[in-house]
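Take a look at this single chain in structure tokens; it is the form predicted on its own.
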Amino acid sequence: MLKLYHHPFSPESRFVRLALGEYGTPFETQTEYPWARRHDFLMMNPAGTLPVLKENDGPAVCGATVIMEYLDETRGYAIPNNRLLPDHPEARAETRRLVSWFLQKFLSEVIGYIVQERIYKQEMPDSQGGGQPDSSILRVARANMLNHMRYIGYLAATRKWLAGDRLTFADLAAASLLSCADYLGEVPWSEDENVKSWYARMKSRPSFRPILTDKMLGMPAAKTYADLDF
């Protein structure tokens, strides 16, 4: 049995949840608050970051891209028709490039700020940086969002899926980030119909259903969050 240490609104954790769902792999979850620096969690991952995956009594697999490679090697090979990392080296390189783009650049320039300011800070005690969102930070993140929407729109308009002709980890990475912002009503869907159409396909997949049920106490989801025909 796999156990995923995550936070429901951690974009990287959602990426792993989607991958596990696409591979049809049963798993259980434990919500972790990284800022609490729980001793047992730090023993598994001294970096104190999410996500962390444990399989039975095996060692902790730490970090979204490390988990991605682990799942490809332990699950992907067994289901070649649904493998999320393509067989061809060039296609694999493009998938990895886009996963890095989304989980590093898009996260650090946009989604990380939105999640930190609007979700994490509401859960964190004041002594650990909690409090009201910083409007100046959110303003920058919202401006940066537009450039990333254009890039995703370009990929969606010129390819069947973001990395090419088939669904890959790249689609899951982009969708996991957008889903966090979408819960908060922070995605300007009217900016690009290609992004909206691609995301509607992603949101309709069975692997997405558990994510659409996530809830933040005292902060209801945007009206279109769980609407497949938004």
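This is a predicted model, so every value here is computed, not measured. Residues carry their position along the shown sequence, with the first being 1.
From this point on, the text means the form predicted together with a further copy of the same chain, which you will not see here.
K.L.:
79, 157, 93, 137: which sits within 4.5 Å of a further copy of the same chain in the predicted bound form by any heavy atom?
P.N.:
Among 79, 157, 93, 137, a heavy atom within 4.5 Å of a further copy of the same chain in the predicted bound form occurs only for 93.
K.L.:
Can you pick the stretch from 176-184, 163-171, 61-69, 25-33 whose heavy atoms fall within 4.5 Å of a further copy of the same chain in the predicted bound form?
P.N.:
Of the options given, it is 61-69.
K.L.:
Consider residue 47 of the chain shown here, and say whether it contacts a further copy of the same chain in the predicted bound form, taking contact as heavy atoms within 4.5 Å.
P.N.:
Result yes; residue 47 sits at the interface with a further copy of the same chain in the predicted bound form.
K.L.:
Closest heavy atom of residue 104 to a further copy of the same chain in the predicted bound form, within 4.5 Å or not?
P.N.:
Yes, residue 104 is a contact residue.
K.L.:
Find out whether any non-hydrogen atom of residue 150 is located within 4.5 angstroms of a further copy of the same chain in the predicted bound form, and reply yes or no.
P.N.:
Contact check for residue 150: no, nothing within 4.5 Å of a further copy of the same chain in the predicted bound form.
K.L.:
Using a 4.5 Å heavy atom cut-off, state whether residue 108 contacts a further copy of the same chain in the predicted bound form.
P.N.:
Contact check for residue 108: no, nothing within 4.5 Å of a further copy of the same chain in the predicted bound form.
K.L.:
Report yes if all three of 73, 89 and 100 come within 4.5 Å of a further copy of the same chain in the predicted bound form by some heavy atom, otherwise no.
P.N.:
Each of the three qualifies.
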